[in-house]
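Consider the single chain below, provided in structure tokens and representing the form predicted on its own.
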């Protein structure tokens, strides 16, 4: 009988099996990050910004770090930032953390339906904003609120969007925290993860076609690298040498699945760029100076038409995915406090102190000032109402900004809604 005959047994062949990634630790276990290899600060080489993409690919498995254990900046990636800029970055990071805490509390008090914090990741957005031009466009996810705060977007307006009240420029048409503001280079946040990459690539292609000087930056998390949009964007970015920066914020967890589900067991996320011939950097996302240096490098590369760059920001989501998530159900309690790369805010503060440009007294004053500023903004926002109070007034506005000319059947629905509201 032929061995192609289905009746032939193949007992000597191994049984096929699948590998299902599982996190190394679960609730009840003690936090343990000993398996993570952390290179010494300053040890990663810094290629020229116009270097061939292949010259960067060793950095896809390395880790760009600037701040050493003594809180001093070392190595070729040291961006030598002016202390005044560092103090501005620290102030913005403190503001973001306080803002997050106030809005998290507001959600727990029933003032809004939903909130997402970026605790432990503040340096990524804040340092990026400092390193890029004000006119550049960002296509963010929901943990880059620091981009808006660093660019001076009003805190009260952000809160009004969270409350969906009369001060919400989006008129309640987006989920809380899904901001949008063209003037501040902040594209509408999409809940469909992965879309930010092709959108950023397309915008940057249009900028190049128009002969513009602005570049774009797309943002996704580690989980969204498993989406098809990721690969489509990488293909276009590589083929057309698009002036774009593509950021993957690897905070170890999607909503409740760890990064191994998206492929982190096999390779770093920065290594995804190697197969596309795109420059790649893997960066300590809790080191504000390393983030600044990497984004500055990628920006210069894009503006010189030397090609796109993908940056993996290696960090940790210190708290839940959102107010709808309880991380104690899938990972050890207080694991974030054991993260070996530390707290980004405390690291920047310690660096400024080491430079003689900061001290504990000034820091306490800064925290008090930022806290007062956030509280005052919240008070102003709540004068216009909180989320549970919305939906009864100006019902007809839901039909605005949808059609240039409202179709007759939509007009009928609008009129019926107005009549019903009037009768209540």
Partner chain sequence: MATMNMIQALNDAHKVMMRADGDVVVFGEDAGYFGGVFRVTEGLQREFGKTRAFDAPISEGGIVAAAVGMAAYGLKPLIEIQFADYIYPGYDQIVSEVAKMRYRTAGEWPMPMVIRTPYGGGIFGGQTHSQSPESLFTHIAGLKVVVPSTPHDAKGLLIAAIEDPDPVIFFEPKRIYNGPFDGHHDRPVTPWAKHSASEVPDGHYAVPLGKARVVREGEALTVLTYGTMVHVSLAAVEENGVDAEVIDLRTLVPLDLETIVASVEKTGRCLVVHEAPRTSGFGAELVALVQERCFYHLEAPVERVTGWDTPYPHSYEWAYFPGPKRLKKALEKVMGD
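Rigid core here is just the name for the largest C-alpha set that superposes within 1.5 Å across the two forms. As the structure is a prediction and not an experimental result, all values here were calculated from the model. Residue numbers count along the first chain shown, from 1.
Separately, the form predicted in complex with its partner chain exists; it is not shown, and the next lines address it.
Asker: Report the residue, out of 146, 344, 176, 243, that has at least one non-hydrogen atom within 4.5 angstroms of its partner chain in the predicted bound form.
Answerer: Filtering the options by heavy-atom distance leaves 176.
Asker: Contact between residue 255 and its partner chain in the predicted bound form at 4.5 Å, heavy atoms?
Answerer: Yes, residue 255 lies within 4.5 Å of its partner chain in the predicted bound form.
Asker: With a 4.5 Å heavy atom cut-off, would you call residue 406 a contact of its partner chain in the predicted bound form?
Answerer: No, residue 406 is distant from the partner.
Asker: Find out whether any non-hydrogen atom of residue 43 is located within 4.5 angstroms of its partner chain in the predicted bound form, and reply yes or no.
Answerer: It does not: once its partner chain is placed as it appears in the predicted bound form, residue 43 has no heavy atom within 4.5 Å of it.
Asker: Does at least one non-hydrogen atom of residue 26 fall within 4.5 angstroms of its partner chain in the predicted bound form?
Answerer: Contact check for residue 26: yes, within 4.5 Å of its partner chain in the predicted bound form.
Asker: In the predicted bound form, which of 384 to 392, 45 to 53, 357 to 365, 371 to 379 comes within 4.5 Å of its partner chain (heavy atoms)?
Answerer: In short, 384 to 392.
Asker: Taking heavy atoms and a 4.5 Å limit, what residues of 132 to 165 are near its partner chain in the predicted bound form?
Answerer: If the 4.5 Å heavy-atom criterion is applied to its partner chain in the predicted bound form, 132 to 165 yields only 164.
Asker: Superposing on the rigid core, does the Cα of residue 22 end up 2 Å or more away between the shown form and the other one?
Answerer: Moves: no, less than 2 Å.
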